[in-house]
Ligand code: NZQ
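One chain comes next, on its own, written out as structure tokens in the form predicted on its own.
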């Protein structure tokens, strides 16, 4: 383990097929004026909305709603929510949905009382909130982002075609509690399910593919990756398998609650590439990651050979006997590619609607992160994007 670090995660989790009942214990802790935040309305057809409203009414909450939060929450939607929350004099934000809804709630939390433009302050200058933040609770309906137990929030500016995530340092931004009921994920469309699965897996990869020391965090990551691979194969054949879906939901949370990043550097370039693609195509987040992952990893493999070798042996059970380090590492990525194809993931930017004339703009909108095995320049980014088409 390298360096000095602290670890604190204040989010309380309630997990299981009867976990929503704990909402009744949490709601009395917060003020009367609640803003209920959700997406396109599926929670109304599957009954979750009625169950949540029942608890809100039982606790005598005054409820305003922000509906229609999109898979890639936009800045315009954030501005709309700020007006609703301010007009309601909100005391508490309750997000019911997937990671985008949770992200949106956290972005709203730091923006409602902010005296500046939140885009400028948080997403261009990456500053921390100086205003009072609103407490957030989450009822998760889709596994993937890990947003239910971290302080990250991704917002898309459709005018400038920038999709930017800010992981806030302030613990006050993290959800006070999150309710994780795997049954809520069982009816997701297959495309959304596998997209979420790859998001989980790539979150772990982003923290794994960095550093050269013998690191406990990497061993935890390898175990999580093996769990995701196993559960994903079961869920891909039987989407209603509760055990597999519960393991995926739990793995998603631990993949991005900062645990496996402790004591090491992290990469995040696949996410930077994918987010810029998403700003141009509005494609599903996990699929933007799957489209660029293998070209990126094959590009940086020579610079992180030993970790890719470890990945091949410990995650994909590649037999190293009689093979060079390069052969072992490449075999690991080939095994990963076979698994991705098995799930039915998007494997090229063309499938997402990206065209060659978009690449310069996508490259220009790609934030460069310094923590991986190679700090990319513009030409590197362009080469990876072209390989991803």
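Computed from a prediction, not measured in an experiment: that's the story for all the values here. Numbering follows the first chain given and starts at 1.
The discussion below concerns the form predicted in complex with this ligand, not included here.
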| query | finding |
| --- | --- |
| Contact residue in the predicted bound form, chosen from 135, 129, 239, 71 - any heavy atom within 4.5 Å of this ligand | 71 |
| Of 315, 142, 300, 231, the one that lies within 4.5 Å of this ligand in the predicted bound form (heavy atoms) | 142 |
| This ligand contact in the predicted bound form: residue 51, any heavy atom under 4.5 Å | no |
| Residue contact check: residue 201 to this ligand in the predicted bound form, 4.5 Å heavy atom | no |
| Residue 332, heavy atom within 4.5 angstroms of this ligand in the predicted bound form | no |
| This ligand contact in the predicted bound form: residue 353, any heavy atom under 4.5 Å | no |
| All of 81, 92 and 176 with a heavy atom within 4.5 Å of this ligand in the predicted bound form | no |
| Stretch in contact, per heavy atom within 4.5 angstroms of this ligand in the predicted bound form, of 115-123, 267-275, 221-229, 302-310 | 267-275 |
| Contact set, 39-62 vs this ligand in the predicted bound form - heavy atom within 4.5 angstroms | 39, 40, 41, 42, 46 |
